[in-house]
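Just the one chain here, laid out as C-alpha coordinates, in the form predicted alone.
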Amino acid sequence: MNRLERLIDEARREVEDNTFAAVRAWKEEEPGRACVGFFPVYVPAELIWAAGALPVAVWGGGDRIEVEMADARVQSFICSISRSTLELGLLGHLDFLDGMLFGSLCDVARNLSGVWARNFPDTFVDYLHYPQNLRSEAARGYYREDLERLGAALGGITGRTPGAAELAAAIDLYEEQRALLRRLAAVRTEEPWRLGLEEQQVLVRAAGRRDPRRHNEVLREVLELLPEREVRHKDGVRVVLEGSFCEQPALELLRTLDQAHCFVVASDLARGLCWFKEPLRRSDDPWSDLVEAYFVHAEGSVVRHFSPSERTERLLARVRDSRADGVFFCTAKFCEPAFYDFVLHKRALDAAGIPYLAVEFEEKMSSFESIRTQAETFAESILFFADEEATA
(Lines give C-alpha, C1' and ligand atoms only; values in the text may rest on other atoms or scores of the structure.)
Protein backbone atom coordinates (compact mmCIF):
# COMPACT_ATOMS: atom_id res chain seq x y z
CA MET A 1 0.00 0.00 0.00
CA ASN A 2 1.53 3.33 -1.08
CA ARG A 3 1.35 6.61 0.80
CA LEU A 4 -1.78 7.88 -0.99
CA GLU A 5 -3.65 4.65 -0.33
CA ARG A 6 -2.59 4.73 3.33
CA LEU A 7 -3.94 8.27 3.78
CA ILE A 8 -7.27 7.32 2.21
CA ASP A 9 -7.49 4.07 4.16
CA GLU A 10 -6.82 5.84 7.45
CA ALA A 11 -9.61 8.31 6.69
CA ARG A 12 -11.94 5.44 5.80
CA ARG A 13 -11.28 3.66 9.09
CA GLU A 14 -12.00 6.79 11.10
CA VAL A 15 -15.19 7.55 9.17
CA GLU A 16 -16.52 4.02 9.64
CA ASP A 17 -15.61 3.77 13.33
CA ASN A 18 -18.80 4.14 15.36
CA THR A 19 -16.81 4.32 18.60
CA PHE A 20 -15.04 7.51 17.43
CA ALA A 21 -11.73 6.21 18.78
CA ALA A 22 -9.64 8.76 16.88
CA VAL A 23 -11.76 11.67 18.13
CA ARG A 24 -11.58 10.34 21.69
CA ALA A 25 -7.79 10.09 21.39
CA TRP A 26 -7.62 13.70 20.15
CA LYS A 27 -9.66 14.87 23.12
CA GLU A 28 -7.45 13.03 25.60
CA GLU A 29 -4.20 14.40 24.14
CA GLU A 30 -4.54 17.69 26.01
CA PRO A 31 -6.44 18.53 29.20
CA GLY A 32 -9.46 20.72 28.70
CA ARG A 33 -10.21 19.77 25.12
CA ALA A 34 -13.90 19.58 24.21
CA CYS A 35 -15.96 18.05 21.41
CA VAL A 36 -19.34 19.22 20.14
CA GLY A 37 -21.29 16.98 17.81
CA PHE A 38 -23.58 18.25 15.11
CA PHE A 39 -26.36 16.66 13.15
CA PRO A 40 -26.17 17.32 9.40
CA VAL A 41 -26.58 19.22 7.16
CA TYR A 42 -24.81 22.31 8.43
CA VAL A 43 -23.60 24.13 11.51
CA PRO A 44 -21.09 27.00 11.63
CA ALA A 45 -18.10 24.83 12.51
CA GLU A 46 -15.95 27.97 12.74
CA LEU A 47 -17.92 29.12 15.76
CA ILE A 48 -17.48 25.79 17.54
CA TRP A 49 -13.72 25.81 16.86
CA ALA A 50 -13.40 29.42 17.95
CA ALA A 51 -15.06 28.47 21.24
CA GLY A 52 -12.33 25.89 21.86
CA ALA A 53 -14.15 22.71 20.80
CA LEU A 54 -13.77 20.26 17.94
CA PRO A 55 -16.84 20.12 15.65
CA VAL A 56 -17.76 16.44 15.16
CA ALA A 57 -20.14 15.47 12.35
CA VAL A 58 -22.53 12.67 13.35
CA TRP A 59 -23.92 10.94 10.27
CA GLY A 60 -25.62 8.01 11.91
CA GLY A 61 -24.36 4.51 12.45
CA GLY A 62 -24.71 3.05 8.98
CA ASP A 63 -25.15 -0.70 8.71
CA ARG A 64 -22.73 -1.35 11.58
CA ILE A 65 -25.28 -1.14 14.40
CA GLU A 66 -28.71 -2.57 15.07
CA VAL A 67 -31.35 0.02 15.94
CA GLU A 68 -33.17 -1.30 19.01
CA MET A 69 -33.34 1.18 21.89
CA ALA A 70 -33.97 4.19 19.64
CA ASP A 71 -37.17 2.67 18.26
CA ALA A 72 -38.69 2.95 21.73
CA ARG A 73 -38.18 6.73 21.58
CA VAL A 74 -38.79 7.74 17.95
CA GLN A 75 -41.01 6.46 15.18
CA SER A 76 -39.78 3.63 12.98
CA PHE A 77 -40.92 5.43 9.82
CA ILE A 78 -38.48 8.35 10.02
CA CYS A 79 -35.13 8.50 8.25
CA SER A 80 -32.63 5.91 9.39
CA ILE A 81 -29.90 8.48 10.10
CA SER A 82 -32.01 9.96 12.91
CA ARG A 83 -32.76 6.57 14.42
CA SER A 84 -29.18 5.30 14.24
CA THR A 85 -27.74 8.58 15.54
CA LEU A 86 -29.96 8.29 18.58
CA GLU A 87 -28.96 4.64 18.91
CA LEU A 88 -25.28 5.66 18.92
CA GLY A 89 -26.03 7.99 21.81
CA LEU A 90 -27.99 5.40 23.76
CA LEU A 91 -25.20 2.84 23.28
CA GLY A 92 -22.71 5.28 24.83
CA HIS A 93 -20.70 5.75 21.63
CA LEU A 94 -21.18 9.52 21.83
CA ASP A 95 -20.51 9.94 25.54
CA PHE A 96 -17.30 11.85 24.77
CA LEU A 97 -19.32 14.74 23.33
CA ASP A 98 -19.67 17.80 25.53
CA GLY A 99 -22.56 19.08 23.45
CA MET A 100 -24.80 18.32 20.50
CA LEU A 101 -26.16 20.83 17.99
CA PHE A 102 -29.17 20.56 15.72
CA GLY A 103 -30.48 22.91 13.05
CA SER A 104 -33.80 23.70 11.40
CA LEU A 105 -33.42 21.26 8.53
CA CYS A 106 -36.65 19.30 8.74
CA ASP A 107 -39.32 18.25 11.24
CA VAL A 108 -37.33 15.17 12.23
CA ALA A 109 -34.17 17.13 13.04
CA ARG A 110 -36.23 19.68 14.96
CA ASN A 111 -37.89 17.04 17.10
CA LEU A 112 -34.73 14.97 17.53
CA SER A 113 -33.16 17.88 19.39
CA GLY A 114 -35.89 17.63 22.02
CA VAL A 115 -35.60 13.86 22.21
CA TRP A 116 -31.85 14.25 22.65
CA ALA A 117 -32.20 16.77 25.46
CA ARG A 118 -34.66 14.51 27.25
CA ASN A 119 -32.51 11.38 26.99
CA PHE A 120 -29.16 13.06 27.69
CA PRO A 121 -29.95 15.69 30.32
CA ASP A 122 -26.30 16.11 31.31
CA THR A 123 -25.20 17.05 27.77
CA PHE A 124 -25.38 20.55 26.35
CA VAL A 125 -27.99 20.50 23.55
CA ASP A 126 -28.81 23.47 21.34
CA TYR A 127 -30.96 24.16 18.33
CA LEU A 128 -29.93 26.73 15.74
CA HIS A 129 -32.82 28.40 13.93
CA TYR A 130 -31.68 29.18 10.41
CA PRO A 131 -33.45 32.15 8.80
CA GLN A 132 -36.02 31.18 6.19
CA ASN A 133 -36.73 34.61 4.69
CA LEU A 134 -33.33 35.23 3.13
CA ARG A 135 -34.45 38.46 1.50
CA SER A 136 -35.11 40.17 4.82
CA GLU A 137 -32.47 42.40 6.38
CA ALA A 138 -34.10 41.72 9.73
CA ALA A 139 -33.30 38.02 9.23
CA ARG A 140 -29.60 38.84 9.07
CA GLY A 141 -29.75 40.66 12.37
CA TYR A 142 -31.69 37.78 13.89
CA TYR A 143 -29.18 35.21 12.67
CA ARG A 144 -26.25 37.21 14.00
CA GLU A 145 -27.88 37.44 17.42
CA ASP A 146 -28.48 33.69 17.39
CA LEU A 147 -24.83 33.05 16.48
CA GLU A 148 -23.65 35.32 19.29
CA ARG A 149 -26.03 33.56 21.68
CA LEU A 150 -24.68 30.17 20.61
CA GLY A 151 -21.09 31.38 20.94
CA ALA A 152 -21.73 32.47 24.53
CA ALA A 153 -23.44 29.14 25.28
CA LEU A 154 -20.52 27.19 23.85
CA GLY A 155 -18.15 29.29 25.92
CA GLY A 156 -20.08 28.16 28.97
CA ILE A 157 -19.03 24.54 28.40
CA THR A 158 -15.49 25.18 27.16
CA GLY A 159 -14.59 28.18 29.31
CA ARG A 160 -13.61 30.09 26.18
CA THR A 161 -16.21 32.46 24.81
CA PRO A 162 -15.20 33.27 21.21
CA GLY A 163 -14.20 36.83 20.41
CA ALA A 164 -13.63 38.51 17.07
CA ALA A 165 -9.97 37.44 16.86
CA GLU A 166 -10.71 33.78 17.62
CA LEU A 167 -13.61 33.69 15.17
CA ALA A 168 -11.59 35.33 12.39
CA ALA A 169 -8.79 32.78 12.85
CA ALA A 170 -11.30 29.92 12.78
CA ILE A 171 -12.86 31.24 9.58
CA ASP A 172 -9.38 31.41 8.01
CA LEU A 173 -8.77 27.79 8.96
CA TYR A 174 -12.03 26.48 7.57
CA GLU A 175 -11.75 28.64 4.46
CA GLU A 176 -8.46 26.86 3.80
CA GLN A 177 -10.16 23.51 4.25
CA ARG A 178 -13.06 24.38 1.94
CA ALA A 179 -10.60 25.50 -0.73
CA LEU A 180 -8.80 22.15 -0.47
CA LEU A 181 -12.09 20.24 -0.66
CA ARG A 182 -13.05 22.24 -3.76
CA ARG A 183 -9.74 21.26 -5.36
CA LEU A 184 -10.41 17.63 -4.47
CA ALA A 185 -13.88 17.86 -6.06
CA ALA A 186 -12.30 19.39 -9.17
CA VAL A 187 -10.08 16.33 -9.58
CA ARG A 188 -13.18 14.17 -9.51
CA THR A 189 -14.91 16.41 -12.06
CA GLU A 190 -12.02 16.43 -14.51
CA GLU A 191 -10.70 12.88 -14.11
CA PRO A 192 -13.17 10.69 -12.17
CA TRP A 193 -11.00 7.62 -12.77
CA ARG A 194 -8.08 9.25 -10.92
CA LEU A 195 -9.93 9.46 -7.61
CA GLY A 196 -12.78 7.07 -6.79
CA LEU A 197 -16.04 8.51 -5.51
CA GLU A 198 -15.72 6.45 -2.34
CA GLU A 199 -12.16 7.71 -1.86
CA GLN A 200 -13.16 11.31 -2.32
CA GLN A 201 -16.05 11.00 0.10
CA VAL A 202 -14.07 9.41 2.93
CA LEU A 203 -11.71 12.38 2.72
CA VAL A 204 -14.68 14.76 2.77
CA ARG A 205 -16.43 13.01 5.66
CA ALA A 206 -13.17 12.84 7.62
CA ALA A 207 -13.18 16.64 7.57
CA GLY A 208 -16.13 16.43 9.92
CA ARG A 209 -14.25 14.30 12.45
CA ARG A 210 -10.71 15.59 12.54
CA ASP A 211 -8.77 18.52 13.88
CA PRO A 212 -8.98 20.82 10.83
CA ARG A 213 -5.29 21.68 11.09
CA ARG A 214 -4.34 18.03 10.77
CA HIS A 215 -6.84 17.24 8.04
CA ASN A 216 -5.76 20.22 5.96
CA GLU A 217 -2.25 18.76 5.96
CA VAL A 218 -3.66 15.41 4.79
CA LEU A 219 -5.68 17.05 2.02
CA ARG A 220 -2.65 18.98 0.79
CA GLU A 221 -0.58 15.80 0.68
CA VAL A 222 -3.33 13.90 -1.14
CA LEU A 223 -3.58 16.65 -3.74
CA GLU A 224 0.19 16.55 -4.24
CA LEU A 225 0.18 12.76 -4.72
CA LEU A 226 -2.84 12.45 -7.00
CA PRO A 227 -1.17 13.74 -10.21
CA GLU A 228 1.51 11.06 -9.81
CA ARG A 229 -1.00 8.25 -9.35
CA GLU A 230 -0.80 5.58 -12.03
CA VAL A 231 -4.35 5.16 -13.34
CA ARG A 232 -6.02 3.96 -16.50
CA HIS A 233 -8.52 6.14 -18.31
CA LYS A 234 -11.98 4.60 -18.05
CA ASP A 235 -14.99 5.19 -20.25
CA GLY A 236 -18.36 5.90 -18.72
CA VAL A 237 -21.09 8.49 -18.36
CA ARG A 238 -20.81 11.61 -16.28
CA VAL A 239 -23.64 12.23 -13.81
CA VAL A 240 -24.59 14.66 -11.09
CA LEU A 241 -25.70 12.98 -7.85
CA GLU A 242 -28.56 14.73 -6.07
CA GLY A 243 -30.63 14.07 -2.95
CA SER A 244 -28.05 12.93 -0.39
CA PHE A 245 -27.49 16.24 1.39
CA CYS A 246 -28.21 14.79 4.85
CA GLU A 247 -28.13 11.01 5.22
CA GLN A 248 -25.12 9.69 3.34
CA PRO A 249 -25.14 6.62 1.09
CA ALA A 250 -23.03 3.69 2.19
CA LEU A 251 -19.47 3.76 0.87
CA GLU A 252 -20.17 0.47 -0.89
CA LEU A 253 -23.01 2.10 -2.79
CA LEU A 254 -20.68 4.86 -3.95
CA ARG A 255 -18.13 2.29 -5.03
CA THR A 256 -20.87 0.48 -6.95
CA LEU A 257 -21.55 3.55 -9.08
CA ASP A 258 -17.93 3.74 -10.21
CA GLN A 259 -17.99 0.01 -10.98
CA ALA A 260 -21.09 0.59 -13.12
CA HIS A 261 -19.18 3.29 -15.04
CA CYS A 262 -21.66 5.85 -13.81
CA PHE A 263 -19.16 8.51 -12.78
CA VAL A 264 -20.39 11.10 -10.29
CA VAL A 265 -18.61 14.31 -11.26
CA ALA A 266 -20.60 16.64 -8.97
CA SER A 267 -22.91 16.01 -6.02
CA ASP A 268 -24.61 17.33 -2.91
CA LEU A 269 -22.95 14.68 -0.74
CA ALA A 270 -21.91 15.98 2.70
CA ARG A 271 -23.41 19.29 1.67
CA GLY A 272 -22.72 21.12 4.92
CA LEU A 273 -18.95 20.62 4.67
CA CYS A 274 -18.82 21.82 1.06
CA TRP A 275 -21.71 24.28 0.98
CA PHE A 276 -19.77 27.41 0.09
CA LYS A 277 -18.71 27.16 -3.53
CA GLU A 278 -16.59 30.29 -3.49
CA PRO A 279 -14.28 32.07 -1.04
CA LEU A 280 -16.15 34.10 1.55
CA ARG A 281 -16.09 37.87 1.36
CA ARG A 282 -14.13 39.03 4.38
CA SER A 283 -14.42 42.19 6.45
CA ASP A 284 -13.22 43.52 9.78
CA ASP A 285 -16.24 41.90 11.44
CA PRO A 286 -16.03 38.07 11.45
CA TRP A 287 -19.55 37.76 12.88
CA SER A 288 -20.85 39.59 9.83
CA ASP A 289 -18.71 37.34 7.61
CA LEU A 290 -20.34 34.25 9.14
CA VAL A 291 -23.79 35.70 8.52
CA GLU A 292 -22.90 36.59 4.93
CA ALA A 293 -21.59 33.07 4.41
CA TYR A 294 -25.06 31.65 5.04
CA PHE A 295 -27.02 34.33 3.21
CA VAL A 296 -24.77 34.91 0.21
CA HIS A 297 -22.32 32.06 -0.30
CA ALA A 298 -24.31 28.95 0.65
CA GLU A 299 -25.53 27.02 -2.36
CA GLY A 300 -29.28 26.80 -2.84
CA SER A 301 -30.78 23.69 -1.29
CA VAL A 302 -34.13 22.37 -0.13
CA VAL A 303 -33.12 23.48 3.38
CA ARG A 304 -31.90 26.94 2.33
CA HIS A 305 -33.23 28.81 -0.68
CA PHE A 306 -34.80 31.99 -1.99
CA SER A 307 -37.37 30.23 -4.17
CA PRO A 308 -38.11 26.81 -5.70
CA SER A 309 -36.78 27.98 -9.06
CA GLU A 310 -33.38 28.70 -7.48
CA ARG A 311 -32.94 25.02 -6.68
CA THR A 312 -33.84 23.75 -10.14
CA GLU A 313 -31.66 26.40 -11.78
CA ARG A 314 -28.80 25.37 -9.50
CA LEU A 315 -29.18 21.72 -10.54
CA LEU A 316 -29.27 22.59 -14.24
CA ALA A 317 -26.20 24.79 -13.78
CA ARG A 318 -24.37 21.99 -12.01
CA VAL A 319 -25.15 19.62 -14.88
CA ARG A 320 -23.89 22.18 -17.37
CA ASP A 321 -20.77 23.21 -15.45
CA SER A 322 -19.67 19.63 -14.78
CA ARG A 323 -20.45 18.55 -18.37
CA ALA A 324 -22.68 15.80 -17.02
CA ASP A 325 -24.69 13.46 -19.24
CA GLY A 326 -27.47 12.97 -16.71
CA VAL A 327 -28.62 13.12 -13.10
CA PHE A 328 -28.63 10.32 -10.54
CA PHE A 329 -31.11 10.91 -7.70
CA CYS A 330 -29.95 8.97 -4.64
CA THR A 331 -32.38 9.68 -1.84
CA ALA A 332 -32.71 8.27 1.67
CA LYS A 333 -36.01 6.60 2.47
CA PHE A 334 -38.45 8.80 4.39
CA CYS A 335 -36.48 11.97 3.54
CA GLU A 336 -39.40 14.29 2.85
CA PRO A 337 -37.38 17.38 1.83
CA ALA A 338 -35.50 15.43 -0.85
CA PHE A 339 -38.68 13.88 -2.22
CA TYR A 340 -40.35 17.28 -2.37
CA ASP A 341 -37.44 18.57 -4.44
CA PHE A 342 -37.49 15.58 -6.76
CA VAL A 343 -40.85 16.66 -8.17
CA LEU A 344 -39.46 20.10 -9.07
CA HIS A 345 -36.20 18.72 -10.43
CA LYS A 346 -37.98 16.09 -12.50
CA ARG A 347 -40.05 18.70 -14.30
CA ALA A 348 -37.00 20.83 -15.02
CA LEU A 349 -34.95 17.90 -16.32
CA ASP A 350 -37.80 16.67 -18.50
CA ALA A 351 -38.15 20.14 -20.01
CA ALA A 352 -34.40 20.33 -20.65
CA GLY A 353 -34.20 16.82 -22.09
CA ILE A 354 -31.70 15.65 -19.48
CA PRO A 355 -31.93 11.93 -18.56
CA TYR A 356 -32.15 10.93 -14.91
CA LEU A 357 -32.45 7.90 -12.66
CA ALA A 358 -33.93 7.82 -9.15
CA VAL A 359 -33.09 5.26 -6.46
CA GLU A 360 -33.70 5.06 -2.72
CA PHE A 361 -31.35 3.84 -0.04
CA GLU A 362 -31.25 3.32 3.71
CA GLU A 363 -28.47 2.62 6.16
CA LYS A 364 -29.33 -1.04 6.66
CA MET A 365 -29.00 -1.93 2.98
CA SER A 366 -26.54 -4.79 2.59
CA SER A 367 -26.91 -5.53 -1.12
CA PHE A 368 -26.46 -3.01 -3.90
CA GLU A 369 -26.79 -5.29 -6.92
CA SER A 370 -30.17 -3.82 -7.84
CA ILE A 371 -28.78 -0.28 -7.79
CA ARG A 372 -25.73 -1.40 -9.74
CA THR A 373 -27.95 -2.97 -12.41
CA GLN A 374 -30.03 0.20 -12.65
CA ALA A 375 -26.91 2.37 -12.88
CA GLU A 376 -25.39 0.16 -15.59
CA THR A 377 -28.62 0.23 -17.59
CA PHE A 378 -28.83 4.00 -17.18
CA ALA A 379 -25.25 4.44 -18.38
CA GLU A 380 -25.76 2.12 -21.34
CA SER A 381 -28.94 3.91 -22.39
CA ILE A 382 -27.15 7.27 -22.41
CA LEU A 383 -24.27 5.85 -24.43
CA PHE A 384 -26.69 4.16 -26.85
CA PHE A 385 -28.59 7.37 -27.58
CA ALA A 386 -25.32 9.27 -27.90
CA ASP A 387 -24.15 6.77 -30.53
CA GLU A 388 -27.49 7.05 -32.32
CA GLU A 389 -27.20 10.83 -32.50
CA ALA A 390 -23.60 10.60 -33.70
CA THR A 391 -24.51 8.30 -36.60
CA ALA A 392 -27.74 10.11 -37.51
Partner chain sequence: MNSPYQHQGSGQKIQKQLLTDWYRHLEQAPERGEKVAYLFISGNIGELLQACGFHLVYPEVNALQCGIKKVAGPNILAAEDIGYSGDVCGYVKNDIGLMLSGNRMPHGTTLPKPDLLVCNYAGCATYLRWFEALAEFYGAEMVVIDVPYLRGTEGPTAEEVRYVERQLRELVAVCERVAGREFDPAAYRQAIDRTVRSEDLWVQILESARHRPSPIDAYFEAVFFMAPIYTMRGTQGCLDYYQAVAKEVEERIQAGMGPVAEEKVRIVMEGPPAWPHFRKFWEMFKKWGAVTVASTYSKVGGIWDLGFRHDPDRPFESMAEYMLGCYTNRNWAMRSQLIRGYLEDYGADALVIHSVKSCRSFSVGQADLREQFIREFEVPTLFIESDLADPRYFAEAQMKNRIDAFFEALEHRRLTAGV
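What you see is a predicted model; the values in this text were computed from it and never measured. Numbering follows the first chain given and starts at 1.
Same protein, other form: the form predicted together with its partner chain, not shown, and the subject of what follows.
- Interface membership of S309, defined by any non-hydrogen atom within 4.5 Å of its partner chain in the model of the complex, is confirmed.
- Contact check for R323: no non-hydrogen atom falls within 4.5 Å of its partner chain in the model of the complex.
- Within this chain, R33 is remote from the site of its partner chain in the model of the complex, having no heavy atom within 4.5 Å.
- Interface membership of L181, defined by any non-hydrogen atom within 4.5 Å of its partner chain in the model of the complex, is ruled out.
- Each of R110, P131 and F339 places at least one heavy atom within 4.5 Å of its partner chain in the model of the complex.
- With the partner omitted here, the residue from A185, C274, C106, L251 that has a non-hydrogen atom within 4.5 angstroms of its partner chain in the model of the complex is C106.
- The candidate stretches are 24 to 32, 40 to 48, 66 to 74, 53 to 61, and the one lying within 4.5 Å of its partner chain in the model of the complex by heavy atoms is 66 to 74.
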